[in-house]
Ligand code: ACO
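A single chain, nothing else alongside it, follows as structure tokens in the form predicted on its own.
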């Protein structure tokens, strides 16, 4: 595999990002959801390219809320969606995107934590997040539209 390039998403990338989302994940968002995130948090909405082909993305936003660790009210990064095309998985792309994102959440926005929700059945993703230092905070019963539970995972930055 050639060089992996991580860069902020642009309007020109949205159709490919949505196509990757549809290919890889059961949760889909309306077009305006993607545009809103790009406009508000474009510097923490990344795509991964290999040979000028977009092969993955990570979508996030900044929120304020109660810390999952300290109990205080803080600024945190919410990792909304991560996906990598099937044939490009297990090559470190998601790890690279997430490390880039976590750095930006802390240095650009001053976020003190990052958190995400992941399907309990998505063991590869849970293992990846644990490798990156996320811990399971709690189980969210029937979180997804199909009734599957989610794990809420968080990491101090």
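Numbering follows the first chain given and starts at 1. The shown structure was predicted, so the numbers you read here are calculated from the model rather than taken from an experiment.
FYI, the form predicted in complex with this ligand isn't displayed, but the following is about it.
The putative spot formed by 70, 102 and 110 is not touched by this ligand in the predicted complex; no residue has a non-hydrogen atom within 4.5 angstroms of it. Contact check for residue 14: every heavy atom lies farther than 4.5 Å from this ligand in the predicted complex. Contact between residue 30 and this ligand in the predicted complex is not found at the 4.5 Å heavy atom cutoff. Taking the partner from elsewhere, residue 118 is found to have a heavy atom lying within 4.5 Å of this ligand in the predicted complex.
For residue 106, no non-hydrogen atom is located within 4.5 Å of this ligand in the predicted complex, even though that partner is not displayed. Along 117-143, residues 117, 118, 122, 124, 125, 127, 128, 129, 131 each place a heavy atom within 4.5 Å of this ligand in the predicted complex.
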